[in-house]
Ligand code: X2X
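Below you will find one chain, with nothing else, as structure tokens; this is the form predicted on its own, and questions on how it binds or moves follow later.
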């Protein structure tokens, strides 16, 4: 009996030692610092998304997971179109990334760049928070990352140095800086403009010198970067596309964390995403749209299209919409159209 108790005691001690070793190894496998890639840093909503997420994770894991922000996609020499590939390869541990920037690698993400698909914020929510958003997450998971939550970069509006844009005829011949995704070149070509792809670092001096006439971006960027100082004297709000952001983690990094820490990181992303979306929409969802008043106060002419004027742009870009439907996936586009039609405004 005594011998049996001794054996049991030894077994229990061995089990405890094994558990301790496993725990120590798991803890040892954690990196002292995780690299988060961002295109923009604070004080932009995009940059705040990363900071809020990193802060929540550090607090809730009691410092087990420490995240350092790398804005300006500095981990990949500023080339934002390489970010998704770098995530899969492990050059980047985690990111809050743009659906536009990742669309060359994940073609389904071009859905959000389909011209004039999403007429309002309720339409964005209908996609990201519904079945389309879940399907996108499955696609991203298959593509090699762990998607956790949605954020928002906002509707992209057009600015220029020449004149108010109220019709496709007004934009004809203008040299417009666009992001490095082919659908944007197609859209502006359809409108008669001369699209030119370049990084934002290259775009600023080009705009300032007049080598490029205009650009398109969310309006928070106009105020943060004071775009009127680089010749952008005219803004048109046309809401032609919106750019949801995605909180993701590299798969190997994700697998190295305990299930409890995975749950913490996921919930922190969800909480950060909700908070960031409110920040991104601030000043644009209120009835008097104070952001537009702020921009007008900078000596900028702000033009808001009437429904009839907007329809002219919709018609002009419809061939692009039809062309890209097959690239994105006709079923996915149809599902998105149905979700938007059924949205609660």
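For clarity, every value in this text was computed on a predicted model and none was experimentally measured. Numbering follows the first chain given and starts at 1.
Here the subject shifts to the form predicted together with the ligand, a form of this protein not shown in this document.
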>> Please tell me whether the candidate spot formed by 84, 139 and 250 is one where all three residues come within 4.5 Å of the ligand in the predicted complex (heavy atoms).
In response: no
> Do residue 179 and the ligand come within 4.5 Å of each other in the predicted complex, heavy atoms counted?
Replying inline: yes
> Is residue 80 close enough to touch the ligand in the predicted complex, meaning at least one heavy atom pair within 4.5 Å?
Replying inline: yes
>> Even though the partner isn't displayed, in the predicted complex is residue 100 close enough to the ligand, meaning a heavy atom within 4.5 Å?
In response: yes
> Is residue 217 close enough to touch the ligand in the predicted complex, meaning at least one heavy atom pair within 4.5 Å?
Replying inline: yes
> Which listed residue (186, 157, 93, 243) meets the criterion of a heavy atom within 4.5 Å of the ligand in the predicted complex?
Replying inline: 243
>> Under a 4.5 angstroms heavy atom criterion, identify the one residue in 39, 277, 56, 65 near the ligand in the predicted complex.
In response: 39
> Only one of 171 to 179, 121 to 129, 255 to 263, 234 to 242 gets a heavy atom within 4.5 Å of the ligand in the predicted complex; which is it?
Replying inline: 171 to 179
> For the stretch 44 to 77, which residues lie within 4.5 Å of the ligand in the predicted complex by non-hydrogen atom distance?
Replying inline: 46
